[in-house]
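Quick heads-up: it's one chain on its own, the form predicted on its own, in structure tokens.
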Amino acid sequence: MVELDPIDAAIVRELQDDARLANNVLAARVGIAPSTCHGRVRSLFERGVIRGAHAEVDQASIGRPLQAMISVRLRPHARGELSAFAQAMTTLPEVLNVYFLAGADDFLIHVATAGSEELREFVLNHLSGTRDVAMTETSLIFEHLRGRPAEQGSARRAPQG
């Protein structure tokens, strides 16, 4: 874990809320000079604290309204191919995220497709129809709500009430 001073922690919080903040606005919010802010943000990237800034795209608006989470369990003979399997999944256009898991399943794959037929074809062609996959279980996503990441060094607290 990388230790962050209060200024770096404030920068991370602000950028988690809005990664598009202009440097001068970010600097004003955390109370430092823009040149100092720019250097700190660059340092956060270099240290791996910030790994990127991404656009959150409404999948329905680009023709992929059906999202699902697919649990995948590989066959015992394929255990040596976990990394290769994960990398292969990330190259498929339907795949939004790949999670490597501990527990009964090996992966959770988040996909977006144009509809149920495309989802079925994805599962058949890339998962259950392959020799390395032992089992899949598909769960449709009705709604996705993004939580706010916890502050450094603290656990997320349940709402009071």
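The shown structure was predicted, so the numbers you read here are calculated from the model rather than taken from an experiment. The first residue of the shown sequence is 1; numbering continues from there.
Here the subject shifts to the form predicted together with another copy of the chain, a form of this protein not shown in this document.
At the 4.5 Å threshold, heavy atoms of Ile7 stay clear of another copy of the chain in the model of the complex, well away from it. In the model of the complex, at least one heavy atom of Ser139 sits within 4.5 Å of a heavy atom of another copy of the chain. Another copy of the chain is not drawn, but in the model of the complex it has a heavy atom within 4.5 Å of Gln59. Heavy atoms of His110 reach within 4.5 Å of another copy of the chain in the model of the complex, making it an interface residue.
A single residue from the set Met135, Ala28, Leu66, Val49 has any heavy atom within 4.5 angstroms of another copy of the chain in the model of the complex; that residue is Val49. Scanning 69-107 for heavy atoms within 4.5 Å of another copy of the chain in the model of the complex gives Met69, Ala86, Gln87, Thr90, Thr91, Pro93, Val95, Leu96, Asn97, Val98, Tyr99, Phe100, Leu101, Ala102 in sequence order.
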